[in-house]
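To begin, one chain is listed below as structure tokens, in the form predicted alone.
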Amino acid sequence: MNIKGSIEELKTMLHTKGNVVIVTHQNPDGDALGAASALALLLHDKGCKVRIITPNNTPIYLRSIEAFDFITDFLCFTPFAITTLREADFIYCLDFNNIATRTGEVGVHIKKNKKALKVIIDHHQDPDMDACDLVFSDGAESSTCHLLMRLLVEMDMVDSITDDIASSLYTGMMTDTGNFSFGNLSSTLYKNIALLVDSGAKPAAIANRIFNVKSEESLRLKGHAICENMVLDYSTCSAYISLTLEELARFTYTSGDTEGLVNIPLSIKGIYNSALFTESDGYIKISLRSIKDMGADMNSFARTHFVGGGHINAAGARSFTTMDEAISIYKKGIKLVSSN
């Protein structure tokens, strides 16, 4: 675990009233929003003025998350978000390791606030240790929500976990492990899940509201992607799926509609590496996945071949090329990895 500062300093911050801003990475997922929601509720209960700022919009399937009313979309409410960032006494950066590359324009205004104490709590590799006053980062952890839970346990703050905080933490643990099917599923994780259930989290209800709220169009989009656009290469144990802007528009795509799509090829026998290429304005968004101990190191792969990074078995990247060129780079890279 990478640590800058001390757990005692973090505990003091959590018990100090002030203006607090909690920031997530771009395209926030269940882990980012779960951790942000849990921390926002905890700090609000302690008398802080709290605002969660996301660099862009929250996916529809996550809008039932606790503390959603605390969230401000930077792109939609830019002047208000900038003012809030500048007036913050404390800034918590959750579920990302680099302010400059993971938060878009929000990162510029985080850096402009010289008075605020800043904290990173994250589970990605290679954290920027110089960006914040305190850093708690564990690249072997299954989710930022579980890392936050571990810190609360270590600070003897379990009694501060209300049912809503427990639900938020459970949401991130559940979503970032594919409903507890991959990642570092340690005994400590399950012990802490038990603590969350004892604190009021209801696993079945949380899973239902996260996984069973998709639109008909999103399901048809996934069906189209798998049937028409999934390409398998058994010689390199790899697969990829691509979606153009035209295809996304045809199925009235909204943020979150492709969640989990990149994992589907990994359910095929003999496929250990998977990629999803999604066309956006000016770049290709790439999601990379692999099966532990069998597939490629996707963090290294994203950094070597594209602009991105993440975890060994799950990473994200961008390619400022055409779709065909991005796919070609992926195919050549996977072939090189598989031949070693």
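Residue numbers here begin at 1 and follow the sequence given. What you are looking at is a predicted structure, and each value in this text was computed from that prediction instead of being measured.
The same protein also has a form predicted together with guanosine-5'-monophosphate, omitted here; what follows describes it.
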query	finding
Sole residue of 53, 32, 296, 315 within 4.5 Å of guanosine-5'-monophosphate in the model of the complex, by heavy atom	315
Partner-facing stretch of 66-74, 267-275, 38-46, 280-288, counted where any non-hydrogen atom is within 4.5 angstroms of guanosine-5'-monophosphate in the model of the complex	280-288
In the model of the complex, residue 146 touching guanosine-5'-monophosphate (heavy atom, 4.5 Å)	no
Contact of residue 307 with guanosine-5'-monophosphate in the model of the complex (heavy atom, 4.5 Å)	yes
guanosine-5'-monophosphate contact at residue 124 in the model of the complex, heavy atom, 4.5 Å	yes
Residues within stretch 87-111 having a non-hydrogen atom within 4.5 Å of guanosine-5'-monophosphate in the model of the complex	102
